[in-house]
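First comes one chain, alone, set out as structure tokens in the form predicted on its own.
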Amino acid sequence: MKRLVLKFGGTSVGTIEKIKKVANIIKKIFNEGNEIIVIVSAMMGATDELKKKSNLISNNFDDKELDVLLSSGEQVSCSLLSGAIIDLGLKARSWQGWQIPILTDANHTSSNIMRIKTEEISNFVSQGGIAVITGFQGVSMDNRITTLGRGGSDLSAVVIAKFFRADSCEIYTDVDGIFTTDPSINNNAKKIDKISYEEMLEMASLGAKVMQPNAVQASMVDNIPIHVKSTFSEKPGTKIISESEIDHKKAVTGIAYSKRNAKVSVIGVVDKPGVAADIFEPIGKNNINVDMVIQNTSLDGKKANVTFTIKREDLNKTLSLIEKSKQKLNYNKIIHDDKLAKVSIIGAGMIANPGVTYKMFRALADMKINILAISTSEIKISVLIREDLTQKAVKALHKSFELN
């Protein structure tokens, strides 16, 4: 008998009819002789609606109360799904994070799970019950409800699979699995049967929205196999597994992209030790994530230009922080552009295949796409381009690396 963790996202439980369909999927898997623990997200759009309500109260709504508010969406879908399973003649019960409890740190709106008490639920499922647990939420040591950040139900599922020693973690969504790129901008995208943790982590971090990066990282650390499947089809989906179990026949596994990027260049700073720290310290302390960083030094070695990328919504705050440090940094000027996108090729096979960099740059050059910045790792190359050229770039790279 296997113990399985099944996670259903907001699109899978978006309506009452879909919830009933999910209940039937769970019944089928249970009748195959498995112990079942279900993790459920809020119904599609519910969290956004709750966030809008908080904004009507205040633009600085208290984080602790926001966690209480946002976590209520999962309580609704959890109860409805449990009721639907019971209606099919099975034994089921819902649990909220605080009832188990799922203990987290006190970093409200983006907490991390520290430990989970397992005895009650383990006994319940071992006696033929189906446990339905709210994703996305937990409780802090000071007994306050916490949430794990947007997409946090994926993280809930992976960590619960770890603590309950599940044989597998199955993520159900509205697509057939992980694709070589976003099918909505390239209809030649194809489903990937197997992908390594490392590749999936890069794809999730670089814009692929099927899984939350923190969840992929957690599964990689504890070697928890993940199976991404569709709630609405019988297709086999995509398995996220150890790299050692995959034969990388191609250098590139997938193409990811993210829009709404901004580039900031601090021109003419004095090139001396500590200048980069002086630029990025206030940015980091204000929880602004910096991505690509490039420094160019003048021929005489006295001045430098520091360029970096951030999300578009952080641009005004970033510019304000740098301007406050103008006297300390002693720069000439700041230039910026907020209509940019990052396009990335990802593949563990790149390590053993020379010429990938040239092939990527040639494919973009042939399409007259100018590269504004570049960053690399062993298994990915990312370039910054004009946002309106995103689809053109993705299609060109997808074809060039024979992923169509």
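Position 1 is the first residue in the sequence shown; the rest follow in order. Remember, predicted model here, so these are calculated numbers, not experimental data.
This next part talks about the form predicted together with ligand ADP, which is not shown.
The candidate spot formed by I369, T390 and F401 is out of contact with ligand ADP in the predicted bound form: none of the three has a heavy atom within 4.5 Å. Judged by heavy atoms within 4.5 Å of ligand ADP in the predicted bound form, the contact stretch among the candidates 182 to 190, 111 to 119, 310 to 318, 86 to 94 is 182 to 190. Out of the listed residues I100, I241, A208, I322, A208 is the one that sits within 4.5 Å of ligand ADP in the predicted bound form by at least one heavy atom.
A heavy atom within 4.5 Å of ligand ADP in the predicted bound form is found for exactly one of S258, S140, T173, N214: T173.
Put simply, M203 is close to ligand ADP in the predicted bound form: some heavy atom of it is within 4.5 Å. Using a 4.5 Å cutoff between non-hydrogen atoms, G177 counts as a contact of ligand ADP in the predicted bound form. Using a 4.5 angstroms limit between non-hydrogen atoms, T11 touches ligand ADP in the predicted bound form.
Residues of 285 to 311 placing a heavy atom within 4.5 Å of ligand ADP in the predicted bound form: none.
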